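In structure tokens, the next block holds one chain alone, the form predicted alone.
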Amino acid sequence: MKRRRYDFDLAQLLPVAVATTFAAVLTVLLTLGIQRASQLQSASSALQLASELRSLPQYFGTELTLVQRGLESRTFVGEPLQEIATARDGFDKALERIDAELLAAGLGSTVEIQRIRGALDAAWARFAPLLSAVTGHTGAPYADTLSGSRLNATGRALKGDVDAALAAQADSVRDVGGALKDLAAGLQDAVGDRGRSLRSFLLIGAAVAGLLLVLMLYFSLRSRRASADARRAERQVADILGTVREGLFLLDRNLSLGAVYSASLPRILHTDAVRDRAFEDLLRPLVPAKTLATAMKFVNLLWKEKVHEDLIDTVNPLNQIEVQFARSGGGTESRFLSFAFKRVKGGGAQGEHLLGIVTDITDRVQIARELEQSKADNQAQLDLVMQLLRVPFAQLQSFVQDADMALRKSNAILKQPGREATELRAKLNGVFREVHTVKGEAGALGLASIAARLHQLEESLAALREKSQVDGNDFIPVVVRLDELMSHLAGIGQFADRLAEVQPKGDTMRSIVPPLLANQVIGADAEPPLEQLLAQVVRDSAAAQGKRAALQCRGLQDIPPAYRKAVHDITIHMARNAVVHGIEAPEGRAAASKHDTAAVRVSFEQSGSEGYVLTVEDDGQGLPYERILDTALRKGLVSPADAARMERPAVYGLIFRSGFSTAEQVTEHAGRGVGLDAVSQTVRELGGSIGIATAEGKFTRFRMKLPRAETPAATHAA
């Protein structure tokens, strides 16, 4: 009996002993192989760096020649000097990386490698100080005289250093390049040695792994007969559970899933790692941390004897959850799952389990959401109709025409060829100006639905403007949104046309017009004056900012027809800007002993034979000189050196830059840095000019001089 038991134990231990022995051998071989692979990788990296550095000495010569020619022709040499400094620093860093890779490859102590590195360091040490001298100069190299630009002391010193560096460049190319060539040859030999060593370890490891595989197959065949019954039992259970559409599983007292679960469970949860997995780990990638903690508390409550299952099920945090699953082709898919739990009692307390049931309820949730979305869409359509009915008919037609022209112009700007960064930025700013102008008019007319859509398009444009690099593909979402806007606007145009068809004719019909449509049919051909529209802009902007403001207008009825559209757009931008940025909050005006209602003044008048003057003024806090300059520095619009030399008029002129805004946060009324840019662009297209007068704590006045000639306005309208 003892001998038989000993044989049985030996038969059980033999596969384990063999597998352990072979695993130890494989571990040693893999460790040595990984070490050789790491050395091979380091040697290859050093070889690649040495090969890349061989072209740098010649590159220095090219950049030095550019600097020399630039100094001779009195052109800007800052860019080649920066390139030289960058390349020099890159060469130093590359040498440090080469030394690190040589040390990692075990080549740092090789005599031949040390000799070559010494020669390379010596050759570079002779040339690097000359480059440092060239890039160490600061200040402008030219001085302006009556006869033109000439080299100043800095320029002459720079030219001397450049000439000296060029004189030594040929020797540097020979010495540094030769040393790098020798280093590359030595590294290539080292790479070959490491590769052959690694190949040997891999071959031996493959042989050991093959032998281990044969032995494992042998032991597997021996255990096949013993596990046949277990597989048949598992197959029968799988057949039963395979017909269930819900995901069924059991949880033990450790809240781990058992070996038995329905075939639908992995499909519903989009994972094959289900068996013997902790329920908390299964939920963690599906729900937020807070929901996970609540869910685990809920499941633990189900183990208590006195807990009423049906009652506690009403507070089940997993009753309906939204989860995100990765798609096989990329992206994610949103699904809705519902978990339910029931206690299952076995023969004793230790045999208790929780039966978990998970169901995919995505279709049911989507149907409910579609119904809600349909209700929301219907309400949005009703709101839009109500907004359109409140706008005078002639003004609605004018808005649709102007907006259609602006959006088509934006579309044309996007279709213009251009791949350079400056061209793409110009296209972006052009579209931004057009969209912002249309949004301003929509907001002034109370068309909140249209203004919201335009604001969303501005969000996309603002995101592009914040990117450091923009390419043509980045404009695709903008084009899609622009196309949707044009379609939406076309629908509004059709509504206006239908409204025109059903307008009552003659005074006899006025008595039967509903009050809501009164502004559409009574005097529908007369567009409300610009003063009325600006008053609405001032009221709405002030209300949104928690301020009080009143509009004062003069001479707007004398605007020539050729300038009406341009002045219309300019004054809307300027009036909103005056309220948002110019006037103070009520507490600020009270502290400054000002009237609680601020004044925004708009006037248009003739200026003799020269043309016209459009003035927009507010009695607010004035232009914040320090904040404007600080914002320009933070946005990189000016350098600290330029800022120190800028006069106040130049600083105030920064507010017309595209994207410039002192607003701390973006709102529907301000913060994009587009309004004043659009004003400046419009005035320039008209052939006019803008003047600024301001006093801190008192007022800000913009005076726009417009020529009398009709051609600039006609060009702008086109």
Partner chain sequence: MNATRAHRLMIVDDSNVMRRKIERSQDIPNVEIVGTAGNGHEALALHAEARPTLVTMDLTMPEMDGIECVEQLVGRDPDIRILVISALADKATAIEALEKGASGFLCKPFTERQLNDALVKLIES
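The shown structure was predicted, so the numbers you read here are calculated from the model rather than taken from an experiment. Numbering follows the first chain given and starts at 1.
Same protein, other form: the form predicted together with its partner chain, not shown, and the subject of what follows.
Stretch-level contact analysis of 481-489, 299-307, 278-286, 255-263 against its partner chain in the predicted complex, using heavy atoms and a 4.5 Å limit, identifies 299-307.
A single residue from the set Ser73, Ser593, Thr314, Asn473 has any heavy atom within 4.5 angstroms of its partner chain in the predicted complex; that residue is Thr314. For the options Asn429, Thr294, Thr359, Thr135, the one in contact with its partner chain in the predicted complex, meaning a heavy atom within 4.5 Å, is Thr294. In the predicted complex, none of the heavy atoms of Gln114 sits within 4.5 Å of a heavy atom of its partner chain. Asn319 belongs to the set of residues with a heavy atom inside 4.5 Å of its partner chain in the predicted complex.
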